[in-house]
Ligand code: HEC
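Just one chain is shown here, as structure tokens, and it is the form predicted on its own.
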């Protein structure tokens, strides 16, 4: 199934989900594997791993579809946690899940509360990153990237190392939406990327207060 077709099905599925007033209350079986890296609460304590709790179910389910089509790198470059190859290979994991399991996982983690990572940031770099965000990112990643929007994900409060890795993937055209993201990231050098990551680190802490 193509990613665009999958996205259309997600929209239709979520309309039905909302109309029924359903809620994800039970932990799907597949969360046992996810928890090995993302923890039981979906909140990251590893610099290379994102928090997936509180992110929109549309975004999470779409990412699983993207992984299944290998339209983004299958694993992070580094894992501080001990993990098996099968757990680190998100493409293999996504391919092993049924559509119903993808939906169940996405709804479960979306229903959990997001918590910004408690991490240090450079104030001067964060100020520079704010200007970069306003000029290039705010249109889609509104409120300093703190909202759980359908296709944008949450940036504020994510691990800096994870964000820097993803910036580079987008810059190299290795993640889905290259027409949208690659031109933005190609304009940024290493210092600008660091500035943007520091801005999101600060924005996450500010949003939590």
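Numbering follows the first chain given and starts at 1. Keep in mind that this is a model prediction, so the values were computed, not measured.
What comes next is about the form predicted together with this ligand, which does not appear here.
In the predicted bound form, the one of 110, 116, 125, 137 near this ligand [non-hydrogen atom within 4.5 angstroms]: Residue within 4.5 Å of the partner: 137.
Close approach of residue 196 to this ligand in the predicted bound form, 4.5 Å, heavy atom: So residue 196 counts as contacting this ligand.
4.5 Å heavy atom contact, residue 44 to this ligand in the predicted bound form: Heavy-atom contact with this ligand at 4.5 Å: absent for residue 44.
Proximity of residue 146 to this ligand in the predicted bound form, heavy atoms at 4.5 Å: Judged by the heavy-atom cut-off of 4.5 Å, residue 146 is well away from this ligand in the predicted bound form.
Distance check, residue 178 to this ligand in the predicted bound form, heavy atom within 4.5 Å: Residue 178: contacts this ligand in the predicted bound form.
Residues of 166 to 203 having any heavy atom within 4.5 Å of this ligand in the predicted bound form, listed in sequence order: Those in contact are 166, 167, 169, 170, 175, 176, 178, 180, 181, 184, 185, 188, 196, 200.
Direction of C-alpha distance change in the predicted bound form, residue 102 to residue 150 (at least 3 Å): Relative to the displayed form, residue 150 and residue 102 move farther apart in the predicted bound form - a change of at least 3 Å between their C-alphas.
Change in CA distance between residue 178 and residue 138 in the predicted bound form, which is 3 Å or more, as closer or farther: Closer together, by at least 3 Å.
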